[in-house]
Structures are given as C-alpha cells and as structure tokens.
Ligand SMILES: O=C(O)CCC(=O)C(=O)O
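This document starts with one chain, in the form predicted alone, laid out as structure tokens.
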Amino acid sequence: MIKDIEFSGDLKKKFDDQGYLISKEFLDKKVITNLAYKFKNLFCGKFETGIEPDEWNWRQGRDSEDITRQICNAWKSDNDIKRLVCHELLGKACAKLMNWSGARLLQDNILWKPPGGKTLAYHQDAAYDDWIVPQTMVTCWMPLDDVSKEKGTLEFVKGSHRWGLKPPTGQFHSPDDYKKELKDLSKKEKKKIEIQYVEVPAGGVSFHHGLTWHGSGINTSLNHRRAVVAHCIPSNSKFHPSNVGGTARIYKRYKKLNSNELDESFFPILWTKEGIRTNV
C-alpha cells in the first residue's frame, strides 16, 4: 500500500533545510484507484461506517462547484481512508523526519479541487493546533491525480519553517489573494520568498514541517485534483490544559474528564520506536 522510505542522511538534511520533502513514489496504484472512487460518496454524505466526519465544508447540491472541497477526519467515516492515514509506515516516516520517538494521527483531510477550484490561503498547519502540547506537527500530502502548478497544486516556501509560529488571520477558504498573509509577513520581516510547487504523478507524496508556509492556487486545468492528507503529532502529545478557541471547539469534545491524555480511539498512535501502535 505504502512505500517504506528510508530517510538517508541526505534526504533528512534536505527536509531539515527546506522544511519539506517531495517524492514521486509512495502509494500503490490500486490504492489510488480505490480511494479516488470513494471521494464522490464521501462528499455526497454516504459514509461507509455510518459516522459523520468532524468537519465537512462542501456538500453536493448545497455549495458552489468551484470551491475546493474538504472533509476532516474521513478515516472515521471510511475504512479505506483509515487504512491509509493510520498506516504504520506513514507514522514511521513522519516520526523519523521530525526526530520523534513516535507519531500519532491528529486528523486527516480529504481535499478535492475541481476544474476552476478556488484557492486555499497560505498558512502554517501548526498554527491551528494550539490546543495540543507540544504545538508541533508534520503533514503527509498524497495526491490521487497527477499534480502540477496548472492544477493548483500544493506550494511551499523554502526554509519558512525557520520563521517562527504566526497565529492565523484572514480567510482560509477561497480568499481573493491567497498569498496576502505571506506577502504581508515578507514585507514586515524582510523574508525572502522562494516557492516550490509540488509536481508529482498520482501516488507521489510530499511531507512538510508544521511551521512551513504553504497554500494553493486556482485549478486552471480541465482536470480534477484530489489528495488525502495526514497530519501527525508526537505520540506523547497531550491536550493543552486551557486553550479552547479555534479548532479546539471541534476537537476538544474528545477530551476525557479530568485528564489531558489523548484518547487513542480518536487520535490513534501509528508508530513508536518501542513498537506500540493503536489497533484501529
């Protein structure tokens, strides 16, 4: 299902220097075909497990066709998505890149950018998990279609994971200028912007640090751009004892009474050096 990537010294250094790593091979072709088929059912509200995802920002027949579609935590709704985003090798890759002793899934994203699909604003993923301690993250982005700049692929700012954490502001979905926050930061702090577009075939992958600035433009092609995303955190992460704003309003519903421990039923452990893993 997933290629076991051995992160040599050179690959690891590349990730540390750039804040991201891109590979043309990661997913098996049979997996790609099967998952791509599942997207339509998910966005129509047909959930294999009978469980609704935590976030569901586009619905068939309700929303405009040119909006980039997103579902968060589809792994709870579909077993094939679960097998992918909870895969042991995915967790191992994330932990190795970040020098963690283990990794667990914080959430997944199912992203579908149709022809004409609009932008997603530049941001840092870790800026949205301030309800987790430590506030850190690594993201694994897996396209199910060939992706290019023309299709509104993911784009990174090289080295921006060293710029520090900036709280999110502005509109995330379909802003008129999806680079506005990035340009404002660059002007204010005199940061150099060097953009890398993720251009890989279906089944490729990109990993990026939670502090790496990234976003995506309009899909100007006539083809769809679908991707499955896994956001991972250290296996020993806990709930922040007090933060309740932002996405915490959604995900702190899974907090146990009088405990900051993350429940593995909702935040499964994917891999640890000791071989500990949640049976999902």
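It should be emphasised that the depicted structure is a prediction, and the values quoted were computed from it without experimental measurement. For every residue, the number given is its place in the sequence shown, counted from 1.
There is another form of this protein, the form predicted together with the named molecule, and it is not shown here; the text below is about that form.
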Using heavy atoms only and a 4.5 Å cut-off, decide whether all three of 161, 166 and 182 touch the named molecule in the predicted complex. no
Exactly one stretch in 241 to 249, 24 to 32, 211 to 219, 47 to 55 has heavy atoms within 4.5 Å of the named molecule in the predicted complex; which is it? 211 to 219
Counting any non-hydrogen atom inside 4.5 Å, which residue from 84, 205, 132, 154 sits next to the named molecule in the predicted complex? 154
Can you pick the one in 123, 96, 149, 173 that has a heavy atom within 4.5 Å of the named molecule in the predicted complex? 123
Is there a heavy atom of residue 225 lying 4.5 Å or less from a heavy atom of the named molecule in the predicted complex? yes
Would residue 38 sit within 4.5 Å of the named molecule in the predicted complex, counting heavy atoms only? no
Residue 139 versus the named molecule, in the predicted complex: is there a non-hydrogen atom within 4.5 Å? yes
Would residue 106 sit within 4.5 Å of the named molecule in the predicted complex, counting heavy atoms only? no
Quick one: which residues from 1 to 21 get a non-hydrogen atom within 4.5 Å of the named molecule in the predicted complex? none
